[in-house]
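Quick heads-up: it's one chain on its own, the form predicted on its own, in structure tokens.
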Amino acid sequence: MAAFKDVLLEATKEAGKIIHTYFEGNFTIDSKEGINNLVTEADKLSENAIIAVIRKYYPGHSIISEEIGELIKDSPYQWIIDPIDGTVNFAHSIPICCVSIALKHNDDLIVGAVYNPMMNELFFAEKGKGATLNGMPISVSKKTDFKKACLVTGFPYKWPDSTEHPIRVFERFVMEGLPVRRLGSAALDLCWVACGRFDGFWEYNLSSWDIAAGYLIVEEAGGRITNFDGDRYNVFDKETLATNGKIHEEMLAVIKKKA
């Protein structure tokens, strides 16, 4: 039986080859529900390649993937797949996009990988064994001064069913004088928190495939990830806050209008 890590990395790299081949090339683009919610030919080919690798080694495992949906099996193992996270970027030849794959056993994420083949950056984590970037250990930033933090966020295709509009939360952070970036790939946002490029990330209405691998990578890099109530995060939550752990409470306070 192949090791989970080996299967994960094989699938990730196969998808990465497809993404890199089609980047800046010719491919079909379709729209899903919502404005600018795109899916490309490369998304589907990447997804097919990932599923083929997983099925080769673990045909009985469950799969949930962005384009094909949930393939339900009677298994405690579930692969959570985003064949291209940052599809809008990909469709516009912006090299901030990636493949994201994680494996969950019951309620625990056990391995995860995020790969941006255009930048040749492969993030990986295994539960209890830390996180790496291209094989080298990574950790979240050590920054404790919230006023000096560099943050990243994203905006959903559909606004959440909430009394708090995401733009108002964004405005509060900007009014604090903080630099806030918007890259267009939640999986990479999380990985860039994990390796210390950003100190914190928040977003509404993400799906499990956007988050799962990055969630494990952040935690294994020493970071903290919760919902907007500060409760332990679940990959199916719709509110995501990930930080270096040292500015987490300050970010929660701004999000919840306590600062």
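Not measured: the values here are computed from a predicted model. Start at 1 with the first residue shown and count on from there.
One more form of this protein exists, namely the form predicted together with ligand IPD; it is left out here, but the text below deals with it.
A.B. asks: I'd like to check something about P117: if you look in the model of the complex, is any of its heavy atoms closer than or equal to 4.5 Å to a heavy atom of ligand IPD?
C.D. replies: Residue-level check for P117: no, no contact with ligand IPD.
A.B. asks: Is the gap between E220 and ligand IPD in the model of the complex 4.5 Å or less for some heavy atom pair?
C.D. replies: So E220 does not count as contacting ligand IPD.
A.B. asks: Check I51 for me: does it contact ligand IPD in the model of the complex (non-hydrogen atoms, 4.5 angstroms)?
C.D. replies: Close contact is absent here: in the model of the complex, I51 is far from ligand IPD, nothing within 4.5 Å, heavy atoms only.
A.B. asks: Can you work out whether E203 and ligand IPD are in contact in the model of the complex, taking contact to mean some heavy atom pair no more than 4.5 Å apart?
C.D. replies: Flag for E203 set to yes.
A.B. asks: Considering ligand IPD in the model of the complex, find the one stretch among 170-178, 133-141, 107-115, 81-89 with heavy atoms no farther than 4.5 Å from it.
C.D. replies: This holds for exactly one stretch, 81-89.
A.B. asks: Which residue, K129, R182, K73, H165, has a heavy atom that falls within 4.5 Å of ligand IPD in the model of the complex?
C.D. replies: After the contact test, the surviving option is R182.
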